[in-house]
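Before any questions on how it binds or moves, here is one chain, the form predicted on its own, in structure tokens.
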């Protein structure tokens, strides 16, 4: 067969087409390996050492993990992360119902969409500052509301009972907006034919939502849940801005406790901070893998 035959030309073209995607993906894969995969393994490696970040590393094996077992601040942070995870999931149904409301074709809806979209484009630092002012027991909105009934406003960010819930409320504001955007995008792809078929079969209200609309929103739900879970477990910026883990460490979460232990002026224990990071990573991986498996099983059964 000659080198210039049609079969050879087609073979070279097919090889180029197969190679082209990998050429485009290679830079992204390299960046992912260098800035995500490699630091994960480096953190695991550092967690077996006692290290201040500058001096020599001292091998301690599993000593950092054993120390975590008796660390009350670690358990407080773990408990707060669980509270974050449970309450943060409210962003998913809240975002869905707001998206259903905003998906109506009525005059002025673009203005409402802009108002609900606004929290998503605000920096988390700004959100933290705004809610800190809201919670101010002297001049904040909470103080003004209590002043109407001549009541004494609670110092939410200074009270161990309320501080975590106050920060979560601040975090839910932009997170609901993010889930709303995902569902608005998903609602644009809902099949009108299936909606019409549901109407003909007598599906209305909740039945229409549950049996016709929600199954078509599974991709949006999957992304919303995964992003919300990751956001809840790696919450850091709001805590840093609003309380810095206080009062008395009662609002700490694993991400902030890791920073406080490893990088702040109170710590410089890189190995111990890395051990906390590894525990947080494992929690995230277990939760996400379980959720991915459930989604795969549902898709397989649906298919």
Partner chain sequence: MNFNLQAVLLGTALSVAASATAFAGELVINYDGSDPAPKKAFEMIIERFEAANPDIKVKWNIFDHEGYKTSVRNFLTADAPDVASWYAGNRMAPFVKAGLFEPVDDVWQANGLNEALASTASSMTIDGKKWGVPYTNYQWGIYYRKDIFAANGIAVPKTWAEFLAACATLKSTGVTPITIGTKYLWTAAGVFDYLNLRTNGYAVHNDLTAGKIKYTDPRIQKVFDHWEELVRPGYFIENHASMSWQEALAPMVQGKAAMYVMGNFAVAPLREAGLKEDQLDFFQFPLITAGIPMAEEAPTDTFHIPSKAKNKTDAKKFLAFLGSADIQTEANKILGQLPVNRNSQVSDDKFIQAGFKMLSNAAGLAQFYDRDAPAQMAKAGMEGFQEFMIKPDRRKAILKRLDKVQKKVYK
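Numbering follows the first chain given and starts at 1. These numbers were taken from a predicted model, which means no experiment stands behind them.
Keep in mind the form predicted in complex with its partner chain is missing from the figure; the text below concerns it.
- Within this chain, residue 248 lines the site of its partner chain in the model of the complex, having a heavy atom no more than 4.5 Å away.
- Remark: residue 160 counts among the residues lining its partner chain in the model of the complex, judged by a heavy atom distance of 4.5 Å or less.
- By the criterion of a heavy atom within 4.5 Å, residue 150 is excluded from the residues contacting its partner chain in the model of the complex.
- Using a 4.5 angstroms threshold between heavy atoms, residue 45 counts as touching its partner chain in the model of the complex.
- With the partner removed from view, the residue among 79, 218, 73, 207 that has a non-hydrogen atom within 4.5 Å of its partner chain in the model of the complex turns out to be 73.
- Residues of just one listed stretch (87-95, 150-158, 178-186, 223-231) have heavy atoms within 4.5 Å of its partner chain in the model of the complex: 150-158.
- Along 122-153, one residue reaches a heavy atom to within 4.5 Å of its partner chain in the model of the complex: 137.
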